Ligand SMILES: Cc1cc2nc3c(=O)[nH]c(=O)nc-3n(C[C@H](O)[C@H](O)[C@H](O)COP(=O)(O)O)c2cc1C
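Here's a solo chain for you in structure tokens, the form predicted alone.
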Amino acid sequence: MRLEMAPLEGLTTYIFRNAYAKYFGQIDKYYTPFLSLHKEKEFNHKERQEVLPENNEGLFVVPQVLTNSSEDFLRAAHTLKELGYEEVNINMGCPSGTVVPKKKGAGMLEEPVQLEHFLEECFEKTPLKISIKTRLGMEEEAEWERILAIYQKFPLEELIVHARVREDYYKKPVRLEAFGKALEKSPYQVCYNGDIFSVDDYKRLTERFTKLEAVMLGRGLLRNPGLADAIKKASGEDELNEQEEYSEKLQALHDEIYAGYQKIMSGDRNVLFKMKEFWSYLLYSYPDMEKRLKSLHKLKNCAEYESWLRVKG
């Protein structure tokens, strides 16, 4: 089974990816948080840092782009080709209220005719392989049949399906029956995404879909960075390193991410924002941490944060 890391905006940056790979590993394919494309504009500094080869050495990384313009897509694809990439992923699943009204992300699914036309233009001239990360539709699961039929017209490298419609956001149950249609009908590789928080979740999924070859981990991996390790061990594909305790690896992961953001970001406020966001997921690895989050949010600088870290319990 191939395990992939979901692209989560502001979280799975190259700082996080490199630290994660160093201390936990077991991820076969990484995606950058989406790169916003604009007319006649190259990637901004932050986005360029995400795709620079020197910031992704030794990792299988696929840049993800957010756009509804084939012209902007093709310009970005040629830039990425020059940087050495062979695949680009198109975001058609982001449910954000700032993205969807612009007919980007999941908003692209609302107009199937325009979606098909966009893909026709992209595939006609792209220098890269194209994969797509999608939801099932905007409002109703019934939309999925038409959307899936459109995808099946193109030679996708991979279709990653977050098994919800946009209006489900992240809270409503995943729609496994609809996902099964993609796995059954698609001529290309299909990857599952959505609510894999434990080994048991993974086992239930793979027992139901025995032909599944790829699973994308997102929030579950941030909550428990050892999840991919545990899945590989449970699958008999690898063994955990019993010599290195999980808590020690978790501490090392935190320290490297913290140091990385201090190095590239200006001002304690920006660094603290990143670490607070990191802890909003990591608290699940520390049962007693939730009650300490209130004090974390009150911190104003890195010195206070480091003092907060030294407090136990």
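In this text, residue numbers run from 1 along the sequence as written. Since we're looking at a predicted model, the values are computed, not measured.
FYI, the form predicted together with the named molecule isn't displayed, but the following is about it.
Chemist: Considering the named molecule in the predicted bound form, find the one stretch among 204 to 212, 75 to 83, 113 to 121, 191 to 199 with heavy atoms no farther than 4.5 Å from it.
Modeler: Of the options, only 191 to 199 has residues within 4.5 Å of the partner.
Chemist: Test of understanding: in the predicted bound form, would residue 216 fall inside 4.5 Å of the named molecule by heavy atoms?
Modeler: The answer is yes: residue 216 has a heavy atom within 4.5 Å of the named molecule.
Chemist: Using a 4.5 Å heavy atom cut-off, state whether residue 6 contacts the named molecule in the predicted bound form.
Modeler: Taking the distances in the predicted bound form, the answer for residue 6 is yes, it comes within 4.5 Å of the named molecule.
Chemist: Flag residue 11 as yes or no: does it have a non-hydrogen atom within 4.5 angstroms of any non-hydrogen atom of the named molecule in the predicted bound form?
Modeler: Heavy-atom contact with the named molecule at 4.5 Å: present for residue 11.
Chemist: Given that the partner is absent here, does residue 154 sit within 4.5 Å of the named molecule in the predicted bound form, heavy atoms only?
Modeler: No, no contact at 4.5 Å.
Chemist: Here the chain is shown alone; which of 258, 281, 30, 43 has a heavy atom within 4.5 Å of the named molecule in the predicted bound form?
Modeler: The residue in contact is 281.
Chemist: With the named molecule taken in the predicted bound form, which residues across 58 to 82 come within 4.5 angstroms through any non-hydrogen atom?
Modeler: Read in sequence order, the lone residue that approaches the named molecule (within 4.5 Å, in the predicted bound form) is 64.
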